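In the block that follows, a single chain appears as structure tokens, in the form predicted alone.
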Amino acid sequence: MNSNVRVRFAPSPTGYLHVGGARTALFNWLYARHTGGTFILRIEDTDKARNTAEATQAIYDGLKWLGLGWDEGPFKGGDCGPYFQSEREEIYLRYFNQLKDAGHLYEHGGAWRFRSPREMVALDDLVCGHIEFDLTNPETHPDITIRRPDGGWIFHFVNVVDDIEMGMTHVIRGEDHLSNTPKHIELYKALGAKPPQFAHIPLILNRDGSKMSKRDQGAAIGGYMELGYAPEAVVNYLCLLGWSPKDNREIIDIKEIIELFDLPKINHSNAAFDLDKCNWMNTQYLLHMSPERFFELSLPFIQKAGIPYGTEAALKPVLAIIQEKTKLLSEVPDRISFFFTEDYAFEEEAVEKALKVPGALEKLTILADRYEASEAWTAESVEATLKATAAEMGWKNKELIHPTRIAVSGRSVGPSLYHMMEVLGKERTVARLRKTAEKFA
């Protein structure tokens, strides 16, 4: 454990939280938790024309949903704030004047540029290994601008200043920043500061090998939140985009991932994004999670849909019988709605096939009589009564099963029929059978 480790996620609030950004935040968070260090959230909001409050909120919401709580930053505070670049003007001016007084800056067309020392820059990256950059040719490596003519700051400068001021020991970011790193190392040197250790993680690519963009399917973390993925499934999947436990396992608890995670174990090769694999992983998590967790994750979707479920005690048995086949939590309200109203809709095609056949409604009435006379009411007893009634009357089981399912739910598919009737209860089941027989008579 190295409690001195300090890492950060420093997004720009110019759009939604992208899968690539979330993966970067996750790897920083994992390294902080693995080492016992500190994970900092810093909002790089110097681009006033493109920043939005909605994008900032999307960052907060996405990180919280993923379970990536930060130790310092907005709402948390800390000794190195403010944690918004827009509030750090005095700090940038101080470092700007330091560079200017030392002769490292010159003005060009109203902008201020950093005078490169024109030398080779070596980097020992914790993921990419030893790399040397030739910055001697001004044609291929022109001097970088650090301040615009309007006084606005350029990313390269404020990023380095903030990492110095906030005591970053490691900078873990996407490989697309690798070309910026030698320029940043020059700035560190000019400011008399020791650079952090760098770890550039592989890019996330689409199946066709193209770099994943904000327009691609599955790119927005908000989409997973809205559709109702299990956050732990998405975290598990993101962990595998550039890292693995080296034993071919895919479903891994986050506590074990924290224990195993380390920067040298990150893959060098680019990661391929596979939404189908993510979907599979999500179904596995939903299937095997505790009923309590399934209830916790489902409840916001149920409340948003306005399902009048009454009490938690009434809702939990219903969720228990639909959990096994649920693929997305956004499906839950529709799958449970008929449990909590007697005014449920009937599928027209199902009615035609199961209820409008000769004798179907009479069968429902007979079955209702049998159920009304029964004393036990469990899934097993409900099944036994139905099959005994079919045998006694000389019917096939399916001649009762299909009409009964439509009668008590209005639908041709759903959870186990017998468990569904057990949860509905004897009184409601019998009433629905009789009401359906009358409705379509």
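Note that residue numbering begins at 1 and tracks the sequence as displayed. This is a predicted model, so every value here is computed, not measured.
Beyond what is shown, the protein has a form predicted together with the RNA; the following relates to that form.
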4.5 angstroms heavy atom contact with the RNA in the predicted bound form for N180: yes
4.5 Å heavy atom contact, L66 and the RNA in the predicted bound form: no
is_contact(A305, the RNA) in the predicted bound form, heavy atom dist at most 4.5 Å: no
Proximity of P415 to the RNA in the predicted bound form, heavy atoms at 4.5 Å: yes
Single option in F295, F133, F301, F114 placed near the RNA in the predicted bound form, where near means a heavy atom within 4.5 Å: F133
Of L315, L203, M166, L328, the one that lies within 4.5 Å of the RNA in the predicted bound form (heavy atoms): L203
Output flag, E44, K211 and Q284 jointly within 4.5 Å of the RNA in the predicted bound form, heavy atom basis: yes
Segment that reaches the RNA in the predicted bound form - one of 336 to 344, 74 to 82, 137 to 145, 350 to 358, heavy atoms within 4.5 Å: 137 to 145
The RNA in the predicted bound form - contacting residues of 376 to 409, heavy atom within 4.5 Å: K387, I401, H402, R405
